[in-house]
Structures are given as structure tokens and as C-alpha cells.
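Okay, so here's just one chain, in C-alpha cells, the form predicted on its own.
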């Protein structure tokens, strides 16, 4: 009896041991309300300076829970100050561990201005985190959009296909076509869910006023475009100039490539005619390719990463301008109707 059960148990154990556990894809980022307030406070107090901080929490299945955070010191170029910043991070995590607070790193947060965050530095930070953490996110907050009543909070991660391509450091057109990768496939935005504990929810319920709102918010009817729209258009123009410079690099590359191919064809024709003469003279033909010849030296193709990031940033500016102008258009359409109804009331009450 024992002989029949032992091999089965052994086989099942080996199967379980050999089976590699595959983590489910990340579906959502659950953030505590207190963490959101900490991020907003840190980014808003030091705006327009860009700030960063550490995210702490738990990786539970397909949900990444963010339960705490702490800010990083302002970065400096001095190496000693950078070392102090790293020591500060380790000391903070040690203190949190001593008071039994979640100290598992799940990513970081950073501020942005007018939606500008698609940079090579962000990708490099992601890759550094990925070396030690399987799944991490970057939460980005834009304090400049708070004046429009928008909570500009995003959770981003790099796509798996882009990370594989970035490790190979090969962003040529042929490789991108092989991987079927475009500029929209660099970042993945993860849905954010804000959660609060039962005690905080009960406390917020007690703080709510039972009486209905009696004051009207006339600020919503303001027709001023504010500097937000102007700055977005300025940044969009700058990105278009940068994209034009990148396109000129590729045009220069293809001109050199076509010139080199023409030189190679001319050299091959000359070599073939020379080999025909050598054959007629009974001599051995020369090779048709000469690696030492500078004509056959391959021209390196410029990386398409910068153009992808610039295109991504242009799309982000266009979406922001579109959203802001749509809201402004709605106010322009509704303003005459509101004014026609409010004008008799204002003049009757003597508030004009």
C-alpha cells in the first residue's frame, strides 16, 4: 500500500515544485485616502519644484495596495548629499518597521507640471525599481490642474514588451516592427481606487452638514482661460519643434544610407568588371565585399525612443487642451441662459 502511494505523492510534489507561480496581471492600485492627502500636500507645498517620495504597501493578487508614503529630500548634484538621501530612505523604512507599519516598497510618487512626465529619467527609474521589485507603479500628481478642480492623479507602469525592448537597447525601426510596438505602448495607466477605513468613513459622515447647500459657486461660470491653456499651447509648440528635430535626424540618416548604398553599388560594379578582367587573364577573382572598405561600414540608425516619448507628450498636451476647451465651451453655451434667468433676480434684489 505504501509502495503505491509514495510514487504518486512524490510525482505530485515534483510537479508542484517545478510549476512556476505566475503572478496575475496588475488590475488596480488601491490607495488609502491619507496617502493621497500626503502626496497632494507634499507636491503642492513645494510647487513649482518637482518632488518625489516613496510608496509603501502590499502586493495582493491583481491589486497593489498603497498604505503609506514618505517624501524624499530634494535632490542635489553632490554625491555626498545623494548618499545622505539613500541613508534617509533606509532609516525611514527601518523606523516604520519598528512601529509595525507597512514598509514594503511598491513604487514611488512624483509631481509634474502641466502633464509633462514622459522622460527618459522616468523610464530609467522604472528599470532600476524593476531589478528589485517585480511589480511597482509610479503615482504622478499635477498640482497645476488643481485650480481647474481636477484631481490629476495617475498610476503608471511600463509595459512588459517595452521593458524587454529597453533591456536590449535596440529601438530601430525593424525591431519596433518586429515587436509591434508603437508610442502608445510605452506606459500603461492603472486604475486608481481610493479607500478609507471604517473609522475614517464614519468620521467623515459625522463631519457632513445635514443642511443643504445654500450658496452658489459662481466661480464655475468664469470665462477666463487662465494661464493653463496658454502654457499648454506653449509646451505643445516646443514639443512639435523637438519632434521636428528628431525627424530631421532620421531624414539625415536615410540620406546617408541611400548615398552609401549608391556607393556600394558603384564599388561592386567596378569590382565585378575588374574580376571579369582577372578571369580573362587567368587570375583568381577578388572578393566582392571588403570589410575594411569604409563604404561597407554600417551606419548606426538613431534611436526612436526620444521621438516616441515626444509623441506621447504631444498626445498628452492635446488631450489636456481638448478637455479644458470642451469645459470652457460648455460654460460659454450655458452662460447666456444663466444670465437671462439671473438678471431679473439680481436687479430686483438690488444686488447689481
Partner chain sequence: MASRFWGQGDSESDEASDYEEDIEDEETGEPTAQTAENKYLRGTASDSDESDDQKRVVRSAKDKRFEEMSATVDQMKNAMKINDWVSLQESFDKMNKQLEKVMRVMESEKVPTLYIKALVMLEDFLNQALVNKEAKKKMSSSNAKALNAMKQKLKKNNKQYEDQINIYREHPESEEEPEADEEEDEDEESDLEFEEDPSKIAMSDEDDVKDQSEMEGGWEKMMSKKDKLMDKQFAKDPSEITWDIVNKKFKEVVAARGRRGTGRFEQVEQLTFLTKVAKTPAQKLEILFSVVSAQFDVNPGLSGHMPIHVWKNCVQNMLVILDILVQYPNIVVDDTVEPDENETQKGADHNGPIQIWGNLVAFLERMDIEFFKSLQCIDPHTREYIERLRDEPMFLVLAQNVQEYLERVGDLKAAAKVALRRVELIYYKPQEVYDAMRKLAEQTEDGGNGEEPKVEDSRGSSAFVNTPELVPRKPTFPENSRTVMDALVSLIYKSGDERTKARAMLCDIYHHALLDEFATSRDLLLMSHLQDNIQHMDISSQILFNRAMAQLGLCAFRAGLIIEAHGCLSELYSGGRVKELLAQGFSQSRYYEKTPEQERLERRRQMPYHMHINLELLESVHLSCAMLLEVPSMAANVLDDKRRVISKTFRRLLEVSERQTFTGPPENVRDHVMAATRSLRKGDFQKAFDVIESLDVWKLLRNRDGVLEMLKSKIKEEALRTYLFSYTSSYDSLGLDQLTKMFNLTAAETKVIVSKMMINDELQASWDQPTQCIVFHDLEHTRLQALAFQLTEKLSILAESNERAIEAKIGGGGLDLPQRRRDGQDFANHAASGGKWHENSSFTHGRQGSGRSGYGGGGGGRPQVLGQGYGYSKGASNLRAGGGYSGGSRYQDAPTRMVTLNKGARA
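Numbering follows the first chain given and starts at 1. Values in this document were obtained by computation on a predicted structure and should not be read as measured data.
Absent from the display: the form predicted together with its partner chain. The rest refers to it.
ask   = Taking heavy atoms only, is residue 133 within 4.5 angstroms of its partner chain in the predicted bound form?
value = No - in the predicted bound form, heavy atoms of residue 133 and its partner chain never come within 4.5 Å of each other.
ask   = Is residue 203 one of the residues lying within 4.5 Å of its partner chain in the predicted bound form, judged by heavy atom distances?
value = Although its partner chain is absent here, residue 203 would stay clear of it in the predicted bound form, with no heavy atoms inside 4.5 Å.
message = Whether residue 269 contacts its partner chain in the predicted bound form should be assessed with a 4.5 Å heavy atom distance threshold; does it?
response = Flag for residue 269 set to no.
ask   = Might residue 279 be said to contact its partner chain in the predicted bound form, defining contact as any heavy atom within 4.5 Å?
value = Although its partner chain is absent here, residue 279 would stay clear of it in the predicted bound form, with no heavy atoms inside 4.5 Å.
task = Let me know the one among 180, 251, 100, 128 whose heavy atoms come within 4.5 Å of its partner chain in the predicted bound form, would you?
result = Answer to the contact question: 251.
task = With its partner chain left out of view, choose which of 243, 146, 93, 113 has a non-hydrogen atom within 4.5 angstroms of it in the predicted bound form.
result = Answer to the contact question: 243.
request  = Would you point out which of 105 to 113, 252 to 260, 138 to 146, 182 to 190 contains residues with a non-hydrogen atom within 4.5 Å of its partner chain in the predicted bound form?
outcome  = Among the candidates, contact is made by 252 to 260.
query = Though the partner is not shown here, which residues of 153 to 190 have a heavy atom within 4.5 Å of its partner chain in the predicted bound form?
reply = Counting only heavy atoms within 4.5 Å of its partner chain in the predicted bound form, no residue of 153 to 190 makes contact.
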